[in-house]
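Okay, here we've got a single chain as structure tokens, the form predicted on its own, with questions on binding and movement later.
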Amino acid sequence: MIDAVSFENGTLGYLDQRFLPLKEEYIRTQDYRQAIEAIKTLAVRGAPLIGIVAGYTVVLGLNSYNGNKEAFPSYFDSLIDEVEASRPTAVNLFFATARMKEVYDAHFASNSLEELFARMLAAAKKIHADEIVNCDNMARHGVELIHQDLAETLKTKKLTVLTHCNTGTLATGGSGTALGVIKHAWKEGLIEKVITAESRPLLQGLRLTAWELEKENIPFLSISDSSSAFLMQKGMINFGIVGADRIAANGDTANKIGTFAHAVSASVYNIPYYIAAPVSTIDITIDDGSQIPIEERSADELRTIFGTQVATPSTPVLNYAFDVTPNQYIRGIVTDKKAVVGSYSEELRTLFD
């Protein structure tokens, strides 16, 4: 069983994903700044898992506080700012810090710091527990949508699915978002094999998704990111499903760079292309994808591969971590509450009622 994250006795534990699949290194820390660095450096990654770790990081920061109650508000504000600055695109991080701020606002005045910290720990643990349940719910709704959309194909054969980046246990702490749907569909006998795109530049598909699929004994093929259109042209892919780091109110979706290209190709060949993400990934405060902040990461992530220089240090690089897939290329958005198909501007808002 994959143990992506834990929190026991005031200690955060996480599997350092930078070294997978060649090395499985589990880190334990009580230092909130080390936890922030883990988010920044992608030692932990995936929108739901970032939210979980963000909640626990706030708790670590609280545990290191040694001042009085009068000075605490300033410390708490600074702590939240540090956590929120770690990654700009994944809205689950801000969902987690918002939950912690709600606990602070509701209980600071009437509770001791010890009581307040206990409530915040409970809130962080609930974020973690909720994500596990969310994954199970997404898997159920996703399989229902596959049955609905691909019923005719399923009469004659099992399906081959394309996915991108990593959306499994390593990204969520539960069974996964998109990969959770795939795992569930495999268990129900709907899937023949999974095609996982490499997901350059950090190869989350080749390293992490392939590692998870191998652990689950699910047949798969890894491909270069640029291969998917050709495989669709050859009839080798029946549908695609990916995760999300932020979904706008109209259904435009930010996900790992390369997602949009797969979606356009799927549209050309009339292949269903789904997004799977918990409701916490939907940012109802922004109208469309143009308002999603897109993280630009270090040029060396592209110029080097696992420390080996593949381009000169002077090579100019533009390294966006995410792209935005417009809603017209998305067949359905699978959430923990239900699968939404079309009319995203109206339907996604109902998930918050």
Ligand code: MRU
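What you see is a predicted model, and the numbers here were worked out from it, not measured in a lab. Don't overthink the numbering: it's just position in the shown sequence, from 1.
Below, we turn to the form predicted together with the named molecule, even though it does not appear here.
- Note that among 253-261, 151-159, 225-233, 124-132, the stretch whose heavy atoms approach the named molecule to within 4.5 Å in the model of the complex is 253-261.
- The three marked residues, L42, P48 and A244, each reach the named molecule in the model of the complex, with a heavy atom inside 4.5 Å.
- Interface membership of Y56, defined by any non-hydrogen atom within 4.5 Å of the named molecule in the model of the complex, is ruled out.
- Residue contact with the named molecule in the model of the complex: A171 places a heavy atom within 4.5 Å of it.
- Of the heavy atoms in T196, none are within 4.5 Å of the named molecule in the model of the complex.
- In the model of the complex, the named molecule lies farther than 4.5 Å from every heavy atom of R99.
- Screening A139, C165, L93, I282 for any heavy atom within 4.5 Å of the named molecule in the model of the complex leaves a single hit, C165.
- Residues of 300-326 placing a heavy atom within 4.5 Å of the named molecule in the model of the complex: F322 alone.
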